[in-house]
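Okay, here we've got a single chain as structure tokens, the form predicted alone, with questions on binding and movement later.
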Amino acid sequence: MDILGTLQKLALESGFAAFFMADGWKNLVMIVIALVLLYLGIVKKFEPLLLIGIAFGCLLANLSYFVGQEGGNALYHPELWANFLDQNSEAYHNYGVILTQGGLLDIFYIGVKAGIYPSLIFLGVGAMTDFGPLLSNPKSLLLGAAAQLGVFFAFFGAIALGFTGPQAASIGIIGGADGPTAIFLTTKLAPELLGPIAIAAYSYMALIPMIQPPLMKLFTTDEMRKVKMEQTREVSKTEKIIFPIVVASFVILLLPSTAPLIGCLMLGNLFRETGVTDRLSDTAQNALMNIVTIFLATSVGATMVGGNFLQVKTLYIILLGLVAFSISTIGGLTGGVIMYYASGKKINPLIGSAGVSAVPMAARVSQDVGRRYNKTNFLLMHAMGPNVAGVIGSAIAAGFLLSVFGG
């Protein structure tokens, strides 16, 4: 037995040796990035429910990139998905190839690519959302619409930087501050950008308490921030039951491409409000939401292999995402200032910043900033109106972009 030759073969075929071959250094860099993301999720608690799964999926994909099948990956196979998207390939849009030749994370990713996970996340979000504040003050819809400004601002910025229309649309939706919507749209239009877009979307959502307050101070005056709003009217149960049915019908007929997101969002809300489906509502909010989050996070993280992620365009995406999120906040605040004057100074414009779709974090930031300037102020319920309107608004914006660029 050639012991020396056997040891040499084991050394050359190990994952450690792979880091010194071809682009192996890129995977090593991604492992470091994955560890940083784990630190941010665990220690700094930046969107831990998503970020920890994304980081570990990234870690797994890059650890095993050169392990298993030659040129592939035991857990995730980028080349299979490249063929899946190639119209000239026999594997074009063939999930059977993924199921038979793919690894564990490839199979998980089918749920992302097919739009299943984001839709189920919206089912849970709907079951957790109270649309009462929006119904009691329908003008909140305008603030939710104004807060989508960053989506289109970033879209044109991405076009100027050389991204294609579908890629620019996927980058722009980061401004909606809605992770599942960003993932849903990106998998349809620009799946090659899924990793950096998901990281940008969830990172900026986690950083809302840091990003928004300076903008809120910059675009409003002390007098505006001190405004104490009157208590909103009580919304009847009948209104809450009719609302998801009407919204689903109208929005889906207007933009059919929004059906998966809006349909699941409103179904989840209907489970919540009927009073006869408490078990389904509880399952959607807890068990189902948690299970889907695990699959969604790890499969999105798996797309962050070194060769795909470590590119200049990733930095552009991170920068444009920050711009999109900031402009969306500014758009909501601007709408709030307009409503402040139009209402005779009875509306606190701080609630406009909650028009982004980060529920309920953005509403809490409006509440916290308002309390700094008026200790008797309670803006949370007022801010929840624009906040839930932002959820609907981001889904509509995504549906519009998908209708334009989805072919």
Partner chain sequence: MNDLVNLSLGDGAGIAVLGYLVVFLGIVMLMLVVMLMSRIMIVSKAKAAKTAPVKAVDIPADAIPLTGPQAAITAPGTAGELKLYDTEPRDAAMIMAILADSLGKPLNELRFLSIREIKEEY
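Positions refer to the first chain, counted from 1. The shown structure was predicted, so the numbers you read here are calculated from the model rather than taken from an experiment.
If you look for the form predicted in complex with its partner chain, you will not find it shown, but the lines that follow are about it.
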item: Proximity to its partner chain in the predicted bound form (heavy atom, within 4.5 Å), stretch among 179-187, 303-311, 229-237, 288-296; value: 229-237
item: Contact assignment for its partner chain in the predicted bound form, among A198, L320, A146, V112, heavy atom within 4.5 Å; value: A146
item: Heavy atom within 4.5 Å of its partner chain in the predicted bound form - residue from P209, P214, G275, G165; value: G165
item: Partner contact for F250 in the predicted bound form: its partner chain, 4.5 angstroms, heavy atom; value: yes
item: In the predicted bound form, L85 touching its partner chain (heavy atom, 4.5 Å); value: no
item: Distance check, Y92 to its partner chain in the predicted bound form, heavy atom within 4.5 Å; value: no
item: Residue contact check: V246 to its partner chain in the predicted bound form, 4.5 Å heavy atom; value: yes
item: Candidate site L141, I396 and F400: all three near its partner chain in the predicted bound form by heavy atom within 4.5 Å; value: yes
item: Residues in 151-168 with any heavy atom within 4.5 Å of its partner chain in the predicted bound form; value: F152, F155, F156, I159, A160, T164, G165, P166
